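Starting off, we have a lone chain in the form predicted alone, written out as structure tokens.
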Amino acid sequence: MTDTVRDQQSSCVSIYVYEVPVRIWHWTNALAITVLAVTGYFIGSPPPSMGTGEAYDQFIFGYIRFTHFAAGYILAVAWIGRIYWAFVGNHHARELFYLPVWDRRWWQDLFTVVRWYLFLERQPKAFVGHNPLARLAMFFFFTLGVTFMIFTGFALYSEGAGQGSWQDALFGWVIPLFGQSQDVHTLHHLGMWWIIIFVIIHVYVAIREDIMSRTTIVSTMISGERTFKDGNPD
């Protein structure tokens, strides 16, 4: 472990975990997903009325779609940057992209943490990075989920961009893979709820851990430092 700072007035120990690019990506990503979820919901379930006047005198839905597309581009570019940082950042930056399923101890810790979240286990050991359950959830709900949303999103966007566009060249194959355009629309919409469910659980667990566990969670993604309230991590 590196960058360890011990508070001389208490038993607290702080370890630098999340580097600046990871933290910037996290909050940029959170904002982009919020905008995408709100605008995506209206695109999939438009309101019955667009206000006063004729529809052709307004551009409300056009603004909604533009905002959705802009946020989608931000999400995709940020995701490419996050993948790059997994190669050049510290080892915590890579936890999002693979699961150590070959490690017996990882599985043991996973079941212990599951019992902890179900209030069936006393305080488990403190982890410097993501605990095994968080890592598992991040990989399946977020890493695979966001990748799926980017691919299906740009595939649907390619229909408007037209044949010969770079969106069509890179993602046009996605639509026939899943059947037809409406099938991809449905899967993209379901993917939105997949990520929303993850976000709800993620926020709940982060706040719960800050209150009940030996380590800081929310503040770590602001300062980059994880503080262990009763000394060194296990």
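Predicted, not measured: the structure shown is a model, and the values here were computed from it. The first residue of the shown sequence is 1; numbering continues from there.
Beyond what is shown, the protein has a form predicted in complex with a small molecule; the following relates to that form.
Heavy atoms of no residue among Tyr98, Trp116 and Ile201 are located within 4.5 Å of the small molecule in the predicted bound form. A residue is said to contact a partner when one of its heavy atoms sits within 4.5 Å of a partner heavy atom; Gly179 fails this definition for the small molecule in the predicted bound form, lying far away. Of the heavy atoms in Gln58, none are within 4.5 Å of the small molecule in the predicted bound form. Shown alone here, Ile15 lies farther than 4.5 Å from the small molecule in the predicted bound form, counting heavy atoms only. The small molecule in the predicted bound form comes within 4.5 Å of no heavy atom belonging to Gly89.
For the options Leu136, Ala78, Ala126, Ile150, the one in contact with the small molecule in the predicted bound form, meaning a heavy atom within 4.5 Å, is Ile150.
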